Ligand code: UDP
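Encoded as structure tokens, the following chain is the form predicted alone, with no partner shown.
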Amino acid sequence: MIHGTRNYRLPKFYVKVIVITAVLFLLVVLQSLLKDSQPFSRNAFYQRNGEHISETVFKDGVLGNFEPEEKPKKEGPGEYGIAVQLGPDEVKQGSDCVKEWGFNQCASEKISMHREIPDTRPLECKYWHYPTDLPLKASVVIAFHNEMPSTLLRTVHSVIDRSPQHLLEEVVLVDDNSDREQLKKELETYIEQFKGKVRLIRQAEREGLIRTRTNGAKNSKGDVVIFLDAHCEVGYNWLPPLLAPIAKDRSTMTVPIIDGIDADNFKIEPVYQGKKMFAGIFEWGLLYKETEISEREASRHEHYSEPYRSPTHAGGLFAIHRGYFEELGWYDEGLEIWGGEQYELSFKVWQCGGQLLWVPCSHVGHIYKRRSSVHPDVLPEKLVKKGSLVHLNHRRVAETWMDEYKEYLYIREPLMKDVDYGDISKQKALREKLKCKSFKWFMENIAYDVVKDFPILPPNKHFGELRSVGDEPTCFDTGGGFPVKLKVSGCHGWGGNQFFRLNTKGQLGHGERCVFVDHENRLETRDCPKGRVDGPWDLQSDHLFKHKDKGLCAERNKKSELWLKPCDASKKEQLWEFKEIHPS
């Protein structure tokens, strides 16, 4: 028996579900199309691997979605970054506080942990709208060693107070073996109020800033690590602008703009104002410098407040994806204490396919700490034996990343070649593994502004002590100050204030300074002129040290002063020679 075919009908309930689902889908598609049709900045940034995330858009006149609400006016010492005034009886005590901590503790302790600060950002920054669904959370890592408690804790409170909590994973305090009692049990008790949002890690021995930061990053839980010094106050809406570019590209490192906090009175002032933007560069001794961004870089952006490319940064404050930082080998583990780490990371990021962006809409106030005369920073004996740790660090960076350009570092700092910089095979292998570009590429495509201010250096003709000819020689000496009139003093062979170099184009240099003559023809040191590597000096075969432009020669007088006088090879006061030295 053959049965006929029966028509099947869905129950009414399922029909309703399908219709409602279809309608909702159409509504979502329509909303997306309407959103995409709205005007937005051509710098709207955020697609990664073809996956749509969210956009950061500039809406002129429309207050940004992360902008803080206006608060009632506050009164109190230091509020809104105004200088703290000490009474007559407190001034002497304040001076003693600076000697103790490197800051004015007396002024700091008058200021609320939650003080309001001035908004130092460019005006445009109020109108940027950042993704509300940023897929990143930040760990803020703060390394410290014998830090003044009030500045350390104000740093922590500013981060907690001014960060969207859904974007802040934690604050990680890493103690580099402090020995001040105020930083022990008292600190542990204080941070209990944050209920786990603030963690404290103790190191069993002194590691230095560089390794301490690496330890903090390795022990952090967030997607992004943000490093701050222990004497900062973050600005309004500081965090989303740092995270947004990293959400677009995890190989992006972002750097906030640093405002100055006065170490004596805690006044906050912007270092830069207006629409001019600056980038980090370096001179050939690897001293950090800044220069106004080029038209070439500015033309890449529609708004002056957009993040922009910079060859390097000051070193203390920046954000980086934790996984990317790990892929880059963290910091070079052979770098000691402090110095040169910003170049190591900047060069590594740029040459190995990443980018470094300064972020005008993220501002952080920072105190430039003085040395404590009561509690000097004592290094472990094993490090003291290594000599200049900055030279060690700079040489490791140069030998790993700078290729043939490292020779200009050694022209600028001839004694650096004497430094034992250890084993860099691991760093070389990392560079090979990551297929990193050459330093020449970096100089031509990213750091092209360096040679405008600091041209390629010609070779040195002489370096060492510039000393008098005779049985009891005296040497050119800066006396360690600046600016300074040059004198002569007994030659000590240690370099330092008696170390000079004369290049093949006649420039007589001492560190980043050059030797000139004043309007009375007395020798003095001043900043070398930007964009020039030439000079008027010549050490002649008859031992006269001649200023070729003036036709006069250097002569020491009975007061040990150095002046230009008519050249006379018969006067012993005008006879000079270079002695190459290599202090151990």
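Quick note: we count residues from 1 along the sequence shown, nothing fancier. Quick caveat, the model's predicted, so the values are computed rather than measured.
From this point on, the text means the form predicted together with ligand UDP, which you will not see here.
Of the candidates 337, 352, 263, 107, 337 is the one whose heavy atoms come within 4.5 Å of ligand UDP in the predicted bound form; the others do not. Checked against ligand UDP in the predicted bound form, the residues 318, 408, 144, 439 give one hit for a heavy atom within 4.5 Å, which is 144. Contact check for residue 231: a heavy atom falls within 4.5 Å of ligand UDP in the predicted bound form. By the criterion of a heavy atom within 4.5 Å, residue 159 is excluded from the residues contacting ligand UDP in the predicted bound form. Ligand UDP is not drawn, but in the predicted bound form it has a heavy atom within 4.5 Å of residue 209. For residue 197, no non-hydrogen atom is located within 4.5 Å of ligand UDP in the predicted bound form, even though that partner is not displayed. Each of 176, 366 and 369 comes within 4.5 Å of ligand UDP in the predicted bound form, counting any heavy atom. Looking at 249-257, 509-517, 144-152, 450-458, the stretch with residues near ligand UDP in the predicted bound form, meaning non-hydrogen atoms within 4.5 angstroms, turns out to be 144-152.
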